[in-house]
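One protein chain, two forms: both are listed below as structure tokens, the first as structure 1 and the second as structure 2.
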Structure 1
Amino acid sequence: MGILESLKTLLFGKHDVGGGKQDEKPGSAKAEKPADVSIGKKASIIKEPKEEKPVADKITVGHVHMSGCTGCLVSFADNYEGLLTILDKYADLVYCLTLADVRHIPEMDVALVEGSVCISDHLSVEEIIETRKNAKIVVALGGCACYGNITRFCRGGQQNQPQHESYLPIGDLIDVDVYIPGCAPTPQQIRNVCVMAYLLLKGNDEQKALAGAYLTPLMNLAKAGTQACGCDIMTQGINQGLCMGCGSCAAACPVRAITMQYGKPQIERDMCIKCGACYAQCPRSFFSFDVVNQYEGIMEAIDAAMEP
């Protein structure tokens, strides 16, 4: 099956996508009140898209959309055919805007939560609490979920919900297990976390140990709090006598708020959107010799895991 075909199937289920009356001009038919739909006998509109599962032991993953721009989800999808490999081999997508036809947050192994929580909207608060109840591992996906990011600057007044002015990173409301900072988080980082989460839950002892070591720094970020800013580079890096001027922060900044002046980061604090990418990318924020010394093996393993 070609990539396009499988994407279509993924998006629309295994039924004729292109069919139907396409030539009919809009407005040509007389408008009629639709007949009541009887839900008593559970008539299925879509022919059950029964998925064949070559791997029985997949983990279940859901994408929970809070107040975010969908950029994180797009970034996940930007793994392109890698996304299909992930869905084929490692994860069933049990809940996801657009990609999975499920209304209520189901039980799942991993919840990838995008966006911050608007506490002026009770449904959002209910959903984040439900997510925590139903997911074994909650991952804050992207700057908004981790640190508030651009939603930190909201003061309300926007159409069409001007009363929505208070947004909190999910960690201010529920316990979060793993952070993936960045705006948007990169496809490769999301992929790595997915593969490692799979190994942690389904792998052998050796794989579990490696995945645990890999995920530990991202778990520590989740424990460290819900505030991030370019200032962290100064307060946690330079002030602590740890900066050696490599420039990783400047490369990681999505809004180019960081430039290197005389070998040290210069942060335009008015430009900073508080996504947390700079500090998380800094080799002196966290660095595990146990993990990074094995970089060759780990990268080969991830590449092998992503073979279709």
Structure 2
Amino acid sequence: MGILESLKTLLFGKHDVGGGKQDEKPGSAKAEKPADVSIGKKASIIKEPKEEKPVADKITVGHVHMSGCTGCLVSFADNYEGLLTILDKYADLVYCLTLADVRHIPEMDVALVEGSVCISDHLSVEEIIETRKNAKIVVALGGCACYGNITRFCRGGQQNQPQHESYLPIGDLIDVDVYIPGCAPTPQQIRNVCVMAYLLLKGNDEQKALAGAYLTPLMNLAKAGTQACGCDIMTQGINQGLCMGCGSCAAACPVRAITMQYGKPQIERDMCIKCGACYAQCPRSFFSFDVVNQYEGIMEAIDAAMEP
């Protein structure tokens, strides 16, 4: 092989001369385009499936913060991935001081109101009235919104802010539809009320019936008034022969004002902050037999709704 043939081999590869074909000159060589190359099988294009939203018809929810410690909002956030499921499938958060960049209270389906109202602050009074006007369902979230809680003891004597001399639960100023008492309420209870509110507004007939059975006792609790005390356990529990000594009231008390003695709760009235958590936690208090009889169906509906 000569030098010229060696260069051709390096530049154009070794040609098959067995078939009688002569090597083409470099000047006359026709370069093959990608389109001219024959491919036996075309490569298949993989298309990723489009993301489908589970629920298109969401409800709108807002969190209205009055005078409180933000503990109820922390409890709401403690649902973790459950909170993300609620916001992804069932609810759009349209108002929240810490999570939504909205200055004025918009129209919404459900308003979760945390904290009591300082009646010396005209802006707070206007906001709670505007909340009632713009929300279809108003939920008092936590002991301060339901009963005043520890803000009941904040009447006057504040050297740093003497103008804040009176706080009231929101039920003393507007009509409230649902109570979620406690200091703070459990994340599970807040989650359950959110799911049931959605089913009540957007569910089918069976789901609306279950949601109504679950929410009716909480609605009746809102109608009962804005006063709460550890004495409720004594007058509406023990004195009625309903106490079974389970200790749920003592476990729920945030200030440890209840101790169990001889199998019954003992109330330290001087320590009570009037949050209503003890009576709300008692399994034999305000929850009716309508809820107990449908407990399995209610929990199945909640579990199904919270599936990712």
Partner chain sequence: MVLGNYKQAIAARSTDPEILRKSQDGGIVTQLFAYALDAGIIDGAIVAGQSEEPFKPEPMVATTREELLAARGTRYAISPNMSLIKEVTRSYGLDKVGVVGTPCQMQALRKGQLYPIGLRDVADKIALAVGIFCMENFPYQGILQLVEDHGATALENVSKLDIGKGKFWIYTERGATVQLPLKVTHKYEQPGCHVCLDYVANLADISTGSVGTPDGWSTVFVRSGKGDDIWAKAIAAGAFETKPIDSVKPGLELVTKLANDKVTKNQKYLESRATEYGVGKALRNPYI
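Start at 1 and count along the sequence of structure 1; that gives the residue numbers used here. Here the rigid core means the biggest group of C-alpha atoms that line up within 1.5 Å when the two forms are laid on top of each other. Please read these numbers as outputs of a predicted model, since none were measured by experiment.
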Structure number, where the criterion is the form predicted on its own: 2
Residue 99 C-alpha shift between structures 1 and 2 of 2 Å or more, rigid core reference: no
Core superposition between structures 1 and 2, C-alpha change of residue 246 at least 2 Å: yes
For residue 296, CA displacement between structures 1 and 2 after the core is overlaid, in Å: 3.2
